[in-house]
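The chain that follows stands alone, in the form predicted on its own, written as structure tokens.
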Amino acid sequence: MNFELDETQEMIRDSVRSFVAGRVSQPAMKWNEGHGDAREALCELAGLGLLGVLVSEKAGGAGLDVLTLAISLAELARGDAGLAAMVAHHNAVALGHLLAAGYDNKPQLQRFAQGDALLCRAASEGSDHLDGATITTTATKQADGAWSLKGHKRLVPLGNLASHSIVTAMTEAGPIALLVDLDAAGVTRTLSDTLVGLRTCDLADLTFEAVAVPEANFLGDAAAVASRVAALARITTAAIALGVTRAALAAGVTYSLERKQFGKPIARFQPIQWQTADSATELEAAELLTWRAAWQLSTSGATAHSVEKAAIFALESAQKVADRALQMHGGYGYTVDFPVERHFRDAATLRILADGPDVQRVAIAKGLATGANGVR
């Protein structure tokens, strides 16, 4: 087994790492306090080719794989997890849906892949985002072949900045997906309240009142691509959690070397050393699980629930490592003077993405019970 990144992946990782150091790390604290937003950073990331990672070069994208996207997101999240979440949503959830659905409008696809326009996916409704079967948004086919869309979607990432959205809606035949122009008549965007974490992530509610959607924008059966989109969402969330974990570990180590008690740095006390060692071990284990699952999605796609396992471990490791780092800061950890409190909030908020670890545990357990996910 090869555990090393290839030359291209290393180059992209280093490029994103340099971008984060120069353009993200410092303004991220202001973004999270509500002073400005990350739109300029998104434009610069488009210039680096990071808004069309999975789209083929012929269609204007970078033509790279899921593992390379995950590596990029982990580096971005070290600077700002909310920014990474927007890039992940555009690349994996939204563009991932288009690609899985066989969308072949090359001029439009090129606009999305090159970042000339942003794309989101609106799926969640009501108060329980875990109940995927509950779709109250409806689409009615008109005599001319177009669709009339009516309904409401909650907490849509990039819902305010995107030019188009993939909207899941219910018909008499079942759930479908439509590509909707968010500047069309009948579309209303409402900015969502600030989250506990991932505050940079652009969120909005979308309301559709008799919105006309051309027949050409019909993307087929939404259920047909649901498993692929869910896998991409989970693996990119795991990658973002890795970035948060690495940032929190670095913050904890740095401060433990600076903070002194009883005449010496707290890093020299055994309890702190054990916590640091546990955090480093959990980070590396989460990274290996995530890279393996991303590699499988890039190749055969036969993950045998490796995506769920990676997401569970990465999400829970992020929260544990961030909590340890916060405690190392003492009372200062609960102020906005140090970035560790942001890592703590981001780790907690990430757990609600990709359905949450407990939903994924159920999927793994069902796989074991049916023999679809055998023990080796």
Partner chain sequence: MEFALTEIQQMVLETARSFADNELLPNAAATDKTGTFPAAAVKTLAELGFLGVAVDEKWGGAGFDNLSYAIAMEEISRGCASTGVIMSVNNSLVCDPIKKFGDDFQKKRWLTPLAQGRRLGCFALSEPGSGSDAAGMRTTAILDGDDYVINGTKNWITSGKEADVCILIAHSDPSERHRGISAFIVDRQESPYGIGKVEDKLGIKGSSTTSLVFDNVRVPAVNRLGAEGMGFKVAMSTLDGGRIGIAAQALGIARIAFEEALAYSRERSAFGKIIGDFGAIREMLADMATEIDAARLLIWRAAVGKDRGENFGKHSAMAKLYASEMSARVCHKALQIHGGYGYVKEYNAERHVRDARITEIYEGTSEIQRLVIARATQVAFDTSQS
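Computed from a predicted structure; not experimentally measured. Positions refer to the first chain, counted from 1.
The same protein has a further form, the form predicted together with its partner chain, not shown here; the description that follows concerns it.
The stretch in contact with its partner chain in the predicted complex, judged by heavy atoms within 4.5 Å, is 306 to 314, chosen from 306 to 314, 36 to 44, 56 to 64, 329 to 337. The closest heavy atom approach of residue 147 to its partner chain in the predicted complex falls outside 4.5 Å. Not displayed here, its partner chain is kept clear of residue 223 by more than 4.5 Å at the level of heavy atoms in the predicted complex.
Proximity of residue 270 to its partner chain in the predicted complex falls within the 4.5 Å heavy atom cutoff. Its partner chain is not drawn, but in the predicted complex it has a heavy atom within 4.5 Å of residue 277. Checked against its partner chain in the predicted complex, the candidates 194, 281, 142, 136 yield a single residue with a heavy atom inside 4.5 Å, and that residue is 281.
Just one of 170, 212, 288, 187 comes within 4.5 Å of its partner chain in the predicted complex, counting any heavy atom, and that one is 288.
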